[in-house]
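Only one chain comes next, encoded as structure tokens, the form predicted on its own.
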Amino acid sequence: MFGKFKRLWAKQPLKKSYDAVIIGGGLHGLATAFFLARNYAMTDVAVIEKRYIGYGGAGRNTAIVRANQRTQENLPLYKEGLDFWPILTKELDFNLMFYNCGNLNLAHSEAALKALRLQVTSAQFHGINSQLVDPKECKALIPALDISDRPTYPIFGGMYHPPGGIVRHDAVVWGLAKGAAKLGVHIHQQTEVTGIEVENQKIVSVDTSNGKISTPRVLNAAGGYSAAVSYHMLGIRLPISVLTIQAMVTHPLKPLLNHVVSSGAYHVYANQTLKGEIATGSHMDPWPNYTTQTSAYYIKHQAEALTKLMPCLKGVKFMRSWAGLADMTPDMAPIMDGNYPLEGYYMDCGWGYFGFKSSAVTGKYMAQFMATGECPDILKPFELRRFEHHRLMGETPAVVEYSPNN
């Protein structure tokens, strides 16, 4: 017991062997563990987390979920992921606070509007509710927007995606951890993976700060540290750059932002939380690094961008800021692979800043992959060898629209 409250998951002793070891106590690792136990009765699973669950990207994001990506490989996965949130809420019997308030991506030029038109068409082809809207319709959706010609980059229109919204990220962490532990999964916090042992091109064990674990399966779901784990412990280079993403929230305000809004020209996205705060983020830092520090430059940038889009926010103060690590691949799409180049070695990494959006449904498919040894069709386009074969996807985030001043 912790005070008068019962812990959501129990602390367990580290066993000498497990059927599977998952490196990383974030959303992808916890979701995979939950579905291994629930769908395949593989309960002898250990989730190993160096710090505490949800420490990394799972707890350092702006909680936005959407399915308005660009490519035919990504769209079905993100659509299923978006549709999955209310289902997962029922399966976990845990309130994930899913709110499909809708997502509005703004265009600030004819070229950007043309690009959004292509995205809308691609989304509709896959059965995703997405529509092109003009400036007046943008204003009707978000009355605080300035649609005049006064801003540096006037609004030419936008892409409205009604099913998009927000999910409480820490609730997803706790719900998955509780559900996985209830089914028998062991969650080991404050435990560092120090090595992975291989014999005859097969995974055989994992070394940790609390002892060795024999196991035939390892999932690398370490987020921003996944490339370092892969290279330093197995000598496998992954085409991943680690970049910092910064975010911040204002003090609570009366409701004024009914939808998630983003602008590529201004490099800003924002939503209003249930507590009334405006949560806002920007594009990644332009240089690889492993810092989670925030900078005055981005605070200034966010303030200027938000007030140009919504002048009524002038005078509002930021209350706190944070930063997270994005493990970004060259084509801005994840790596999901297994049994290559080592038998028993699985990877779920390279998500950049898309990792939260389809974490639960990806865990379901990675669990299927690990339990059966056969890669699900929906994951096959994301294999590591696509880089070797020069089959990059060409995915880009919906908020990126480069302007002369970027």
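Sequential numbering from 1, following the sequence displayed. None of the values given here were measured: they were computed from a predicted structure.
Not pictured, yet referred to below: the form predicted in complex with a small molecule.
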Worksheet item: So which of Gly324, Gly175, Gly264, Gly157 gets a non-hydrogen atom within 4.5 Å of the small molecule in the model of the complex?
Response: Gly324
Worksheet item: So which of 120-128, 329-337, 188-196, 175-183 is the stretch with heavy atoms within 4.5 Å of the small molecule in the model of the complex?
Response: 188-196
Worksheet item: Does at least one non-hydrogen atom of Ala221 fall within 4.5 angstroms of the small molecule in the model of the complex?
Response: yes
Practice prompt. Consider Val249 of the chain shown here, and say whether it contacts the small molecule in the model of the complex, taking contact as heavy atoms within 4.5 Å.
Written response: no
Discussion item. Taking the small molecule as it sits in the model of the complex, is Val229 near enough to touch it, meaning that at least one heavy atom pair lies within 4.5 angstroms?
Written reply: yes
Worksheet item: Looking in the model of the complex, any heavy atom of Gly26 within 4.5 Å of the small molecule?
Response: yes
